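Listed next as structure tokens is one chain, alone, in the form predicted alone.
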Amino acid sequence: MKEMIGKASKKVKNTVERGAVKKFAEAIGDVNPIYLDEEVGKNSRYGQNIAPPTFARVFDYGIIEGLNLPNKGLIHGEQIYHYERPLLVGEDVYCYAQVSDYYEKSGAMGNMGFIVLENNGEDKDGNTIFTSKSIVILTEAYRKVQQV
């Protein structure tokens, strides 16, 4: 996995759609009017509605060639978001993913690998809107299968 460090996907255009924001806000139980009520959005400091902070999780970040993580044998270790500004309802966001680190540790579950993935979202001018970092833990069971 160390050879994957620095590899990134191509940018993918995503749109912050009003209906998707409404469904997401309802699903997470946060129906703040700044997300849903157009009048509240117009009168806010942003001049329009925004999306909940974790909404970026639903975006398409593309495929990092050569990174083939399975659906089994992985543990979601951590998720951190950093925003330069909120996501605005109706805007296009250009997203990509990148492997920023890989390391290994021994633990109660045996030898585990930790892959650090960064997701990035930019506006049409290439300015950063947000970054998120997630740590995916590769269990010993997964690692044994990969070595075979």
Partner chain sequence: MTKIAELYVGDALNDIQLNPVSRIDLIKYAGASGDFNPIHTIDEEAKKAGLPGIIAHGMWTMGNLAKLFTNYYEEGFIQDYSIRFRGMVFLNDVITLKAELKERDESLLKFDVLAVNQENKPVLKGNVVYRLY
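Residue numbers count along the first chain shown, from 1. In this text, all values refer to a predicted model and were calculated from it rather than measured experimentally.
The following text describes the form predicted together with the partner chain, which does not appear among the structures shown.
Taking the partner from elsewhere, every residue among A27, N32 and Y81 has a non-hydrogen atom within 4.5 angstroms of the partner chain in the model of the complex.
Residue contact check for K23: one or more of its heavy atoms lie within 4.5 Å of the partner chain in the model of the complex. The shortest heavy atom separation between P86 and the partner chain in the model of the complex is within 4.5 Å. The partner chain in the model of the complex is not approached by G62, whose heavy atoms all lie more than 4.5 angstroms from it. V116 falls outside the set of residues with a heavy atom inside 4.5 Å of the partner chain in the model of the complex.
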